[in-house]
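Here's a solo chain for you in structure tokens, the form predicted alone.
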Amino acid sequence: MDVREYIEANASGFFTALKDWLAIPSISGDPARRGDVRRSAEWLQAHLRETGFPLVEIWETGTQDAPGLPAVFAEWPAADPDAPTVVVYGHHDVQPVEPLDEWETAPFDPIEQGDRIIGRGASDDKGQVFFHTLGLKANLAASGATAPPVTIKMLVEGEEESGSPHFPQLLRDRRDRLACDAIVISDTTMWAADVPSLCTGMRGLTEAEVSLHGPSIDLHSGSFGGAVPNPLHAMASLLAGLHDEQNRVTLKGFYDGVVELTDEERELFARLPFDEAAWLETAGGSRAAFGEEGFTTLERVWARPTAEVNGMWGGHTGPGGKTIVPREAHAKVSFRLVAGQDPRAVQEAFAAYVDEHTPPGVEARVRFPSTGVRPCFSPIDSVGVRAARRAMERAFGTEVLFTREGGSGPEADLADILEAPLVFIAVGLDEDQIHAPNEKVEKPLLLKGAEAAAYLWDEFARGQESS
């Protein structure tokens, strides 16, 4: 029995088991659901043992005084001790389900409806974690082996939808157990069901809040206007100066080290069937594309850093007029970062920019709510990405293109702490409505994901020979 035959023969049982797991409301952001997140980890632990993993453990996170939510670790050594080792990362926690009245079905009573499974976590991320179990069993069934061609370690965390607060420390504490040659991420999307693709990077993020303070009280603009500095004027000027005439960010050193797109990447992005007019409709009916000159819309969203003004307030905003020089002004700003940028360096550059552009008589305060999220990136010519592309092309029977994602996650921590390259292989779709009511996953794509995972381990074992 080959890989595809095995998957087809076992598809029904696979979907039944997945629905059992989806029925557990493992909402990490709801303190009342902590027990359900643990129940989800225990369910996965039992299933991975049933799959054949000889070692499966639940790893606690946090501290005794401030416990986190559990992760699941499993390991299946290769028969060849010299074979590569791969960590598969995913998460078993899910988003909240509100607004409930917009769900057409009960979010934790998953159903099969045609070619879809509908339920919270179906795509993000239980379904995509789960296809690895079927794929591994298919690989072994097709080869007749009792161990995979590479050592496989699975790490499935329980706090990703809550910002992975304890995940970096877990990685540091368990670094020896997680030692690997590559990390496979199955928590992203493809371009479309009929246009399979591999993600090769995710942007990072850092945020800031700026406050400008002038006089100690609001002043009468007739008596003082034009004679003392206006904090709102200063804020407007400061924010407008964040971009130059080419819409490039003006922070000193902002682009230092940025990994530029290669000609091949730009050519592959351009081959994606992108309809800009339709995309603008999804962008709240935006009337025009906009951004850094010299780049396409997809390149801007995926591979270029940005500065965005998220909010600005101060002075009189109520009904009627109030002719004042306001005493203060405030703004929230965020920066999306790409490979080669460090959130801390961007924070330092922004603080220096604010200091330099604050006029005399105005006091500036800049606050950063966190250290930020680092970007991550996988070169398309790397050994792991090439192996994943071959596996996907075997499964889908067509050329696999490349995308990136504009969002952020814990992937950079995985790459940095474990010192291993990332490989993204996933079959979710943008229309799966992740984080929204009526989340779904396409059953045929889950089976294609399982097939690609089955081939992936052979491709990794072949390694550099096929690259």
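Throughout, rigid core stands for the largest set of C-alpha atoms superposing within 1.5 Å between the two forms. One rule holds for the numbers: they count along the sequence shown, beginning at 1. Just so it is clear, the structure is predicted and the values come from calculations on it, not from any experiment.
Only in words, not in the display: the form predicted together with a further copy of the same chain, which the text now covers.
Among heavy atoms of R271, none comes within 4.5 Å of a further copy of the same chain in the predicted complex. Taking the partner from the other structure, a further copy of the same chain in the predicted complex has a heavy atom within 4.5 Å of a heavy atom of E207.
Using a 4.5 angstroms limit between non-hydrogen atoms, V385 is distant from a further copy of the same chain in the predicted complex. At the 4.5 Å threshold, heavy atoms of N230 reach a further copy of the same chain in the predicted complex.
Contact annotation: of the candidates G397, G114, G361, G294, the single residue with a non-hydrogen atom within 4.5 angstroms of a further copy of the same chain in the predicted complex is G361.
Comment: a further copy of the same chain is not present in this chain, but in the predicted complex one of R175, K322, R344, K252 has a heavy atom within 4.5 Å of it, namely K322.
Checking 82 to 90, 150 to 158, 322 to 330, 387 to 395 against a further copy of the same chain in the predicted complex, the stretch whose residues place heavy atoms within 4.5 Å of it is 322 to 330. Residues I217, L219, H220, S221, G222, S223, F224, G225, G226, A227, V228, P229, N230, L232, H233, M235, A236, S237, L239, A240, H243 are the members of 217 to 256 with a non-hydrogen atom no more than 4.5 angstroms from a further copy of the same chain in the predicted complex. Relative to the superposed core, I111 shifts its CA atom by less than 2 Å between the shown form and the other one. Remark: with the core as the superposition reference, the CA shift of P215 between the shown form and the other one reaches 2 Å or more.
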